[in-house]
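Here we start with a single chain on its own, the form predicted on its own, put down as structure tokens.
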Amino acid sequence: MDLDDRNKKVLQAVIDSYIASGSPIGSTVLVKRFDFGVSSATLRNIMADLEEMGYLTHPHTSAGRIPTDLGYRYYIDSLISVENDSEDIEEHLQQAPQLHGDDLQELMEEASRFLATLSHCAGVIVAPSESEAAYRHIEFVRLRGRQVLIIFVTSNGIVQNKLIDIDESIRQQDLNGFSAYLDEELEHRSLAEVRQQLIDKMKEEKLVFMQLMDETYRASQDVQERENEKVYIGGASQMLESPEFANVEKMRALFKAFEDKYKLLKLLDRSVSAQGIKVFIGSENPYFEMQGCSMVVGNYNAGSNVVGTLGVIGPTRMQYKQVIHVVDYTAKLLTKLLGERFQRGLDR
């Protein structure tokens, strides 16, 4: 249902004021803070109309109103402009300590804390899905003595480095040839297919190359075994600072939901195929059954492929404009870092 200009301005004023204060908003508050050019009685009538349409509600016997999930949805879709003030927000984000994790797991943990710090809510990252990864490239680098560095690169940007000792000395030229051989044999295969192919080939090849194949198999297995550590949550305790979660039962429900990472994955997976930033409000979270929570979600890439999702979970009374910028900025930053890691793995 569309609203006329005056109703839109009043609805936006109520939601902005409620986000800022956390207290139900009455007509007297609006008269003091905004110049609508109408009386307090007229504002009460407009707010009553907005309540009848489902955009506002009033808790218990309070004379003030608070937004409903429908009100927040209209606010996000039709009332706020993320572009406004974007330069100021972007400048603030660029001044924050940047991500630099060397290991993929460390980078994911750091990114979840980064989201939490900048949004003052909980940051959630779903790491690149190894189960959907395919083989992209492998490199063998001869170091001192009989040490060889294996660099295993998957199609979704995961780079696994592994240092091994081999039983006999081998020339870099031979290692390059073996790398080219594996690239040709394993190109575009899934990790499961790679492991089976390596098992089959190990039965045929001579000892030194069998050892390298064995270590390549282990590197691919190490990537696959990180599957159980896909979800990283940072700053969950920050949400307890919101008055919405002062209630013990709500607090328990909140942490129970964070513990059930499967539901988080199901919710985040919904956003993988969509472009841009998505906002799930309250009851719109079918797998994250907490009243009073919203989630702002985006995707990040490795090269041209979407490889994971990230987001912020907080009370429905969150600073949506700020949080949307935080999620978008972090997604772009993570995309840049993974792209650099991916390219380094290919260039070595």
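So that there is no doubt, residue numbering starts at 1 and follows the sequence shown. Quick caveat: nothing in here was measured; it's all calculated off a predicted structure.
One more form of this protein, predicted together with the DNA, exists but is not displayed; see below.
Can you tell me if L70 lies within 4.5 angstroms of the DNA in the predicted bound form, counting non-hydrogen atoms only? No - in the predicted bound form, heavy atoms of L70 and the DNA never come within 4.5 Å of each other.
May I ask you to check whether V38 falls inside a 4.5 Å heavy atom distance of the DNA in the predicted bound form? Taking the distances in the predicted bound form, the answer for V38 is yes, it comes within 4.5 Å of the DNA.
Is there a heavy atom of A48 lying 4.5 Å or less from a heavy atom of the DNA in the predicted bound form? Looking in the predicted bound form, residue contacts with the DNA include A48, since a heavy atom lies within 4.5 Å.
N301 near the DNA in the predicted bound form, any heavy atom under 4.5 Å? N301: no contact with the DNA in the predicted bound form.
Choose from 317-325, 277-285, 293-301, 39-47 the stretch whose residues reach within 4.5 Å of the DNA in the predicted bound form, heavy atoms counted. Selected range: 39-47.
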